[in-house]
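Next up: just one chain, as structure tokens, the form predicted alone.
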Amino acid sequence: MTTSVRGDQLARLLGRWHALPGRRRSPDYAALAAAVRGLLSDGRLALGVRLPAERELAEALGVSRTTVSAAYRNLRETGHLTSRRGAGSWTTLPHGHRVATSGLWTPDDDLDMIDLGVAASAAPVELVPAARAAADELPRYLGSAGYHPTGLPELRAAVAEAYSARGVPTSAEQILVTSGTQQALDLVLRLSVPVGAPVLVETPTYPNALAALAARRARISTHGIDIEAGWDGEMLLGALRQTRPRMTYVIPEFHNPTGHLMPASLRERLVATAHATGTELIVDESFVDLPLDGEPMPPPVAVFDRHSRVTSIGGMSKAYWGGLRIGWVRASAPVVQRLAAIRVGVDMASPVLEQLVAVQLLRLSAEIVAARRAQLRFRRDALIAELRDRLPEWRFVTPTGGVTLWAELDGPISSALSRAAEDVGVRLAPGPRFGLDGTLERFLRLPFTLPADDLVEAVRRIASVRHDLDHATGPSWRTPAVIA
């Protein structure tokens, strides 16, 4: 079913469209068309969405129907709108341009490159002692085959205890240990999303989630997240009711890449609407351990689940170390058993030694996570100070948690800037990697997981090439890089 947007909703998204730069030189219809194109390029208005009828939008904006009609005609001429008599008008991009979601890979490591494509930190100092302690525990398991498809009992219990401490009573039987959060997502998709099923995701969103959905050949619809306001609850729930997707994937805790934190009221309404529409929710909690400014955390989405609609996934990559491939799924016990059966056909089980290391680290979670938060807070502030000094025209909201900053650039230059930055030794994750269909060219994700000196140097290099882009030659081919 096609998603549609009402006149009042589109008017709210457009905001003060008549006060955009260059407004005095453009007639009303041209300014309105330009504002709609801007929403499409930013990903705030998804592709394939039916726009309101001309009369409805004219009433919502307080302009004449002639103005809206001319704006729609302009959008059709530029390839941003497709209309069919009696059926309505849908948002598109010129020439049907799309950006693939097949995932990103990296060439050999380049030690001279400042890599801002990966949003993960180096290992904590406690890792080596934890590995030694885990090795001492290993003999207890050497007498068995070593296959534990659901995970080691002590690790499952430790993860369950952490959920219970957050207000979600959880037993070890409700936890499946996986080889990282990405595998957790993949297994849930294998169970819940048949090939070609409709799914709803945020835009922007985590690129490797899009890759996993593309592998399932899912039919993806999107809900735009505003750089300042975050989720528009009315439009998110409206998209759920209209598309009735098989599954919805959300990142409510310090969203990747925008850093927004979903309010408790929307979490509760989201679960209720998912139940009403028969939608399963996959809640990615990768960043839940990383509030940076001391604000109280809203309850987990699973707190509001009364009908087994919520499956939570998480892992140790962000607060601990990405090289420790430990993730998990929290779901009902029967679902966990079904996931384990699927998992046996994938990789049998997670390595025993790594799971024992994870148990050791979780026992030290209070001090490890506290140190990680302090480290990230310092690095975030250093990045922001340098951005404001060298690139003051860029716009962003200071993230209160997580590891990423989502910057709105001074033009649709994200991909071009990323190519230019690589020439001066900085690897970036351009905005289109976080969406579909070639949108988000005015945005850039900047993680603050590297040392502060590296972040400052990276911004200096980015600023040095930014001002040459207007006179740059055509793009050259690049080897794709990891985005994590």
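These numbers come from a predicted model, not from an experiment. Throughout, we count residues from 1 along the sequence that is shown.
Beyond the structure shown, there is the form predicted in complex with a small molecule, which is absent from this document and is the topic of what follows.
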*Taking heavy atoms only, is Tyr206 within 4.5 angstroms of the small molecule in the predicted complex?*
yes
Item checked: Tyr320 within 4.5 Å of the small molecule in the predicted complex, heavy atoms -> no
Non-hydrogen atom contact Gly180 with the small molecule in the predicted complex at 4.5 angstroms
yes
For Phe287, is any heavy atom within 4.5 Å of the small molecule in the predicted complex, or not? yes
Next item on the list: Could you tell me if all three of Ala211, Arg216 and Ser312 have a heavy atom no more than 4.5 Å from the small molecule in the predicted complex?
Entry: no
The stretch from 312-320, 135-143, 389-397, 290-298 that lies within 4.5 Å of the small molecule in the predicted complex, judged by heavy atoms, is 312-320
Picking from His275, Arg76, Arg325, Arg338, the single residue whose non-hydrogen atoms come within 4.5 angstroms of the small molecule in the predicted complex is Arg325
Students should find that, of Ala158, Leu409, Ile251, Ala349, the residue having a non-hydrogen atom no more than 4.5 angstroms from the small molecule in the predicted complex is Ile251
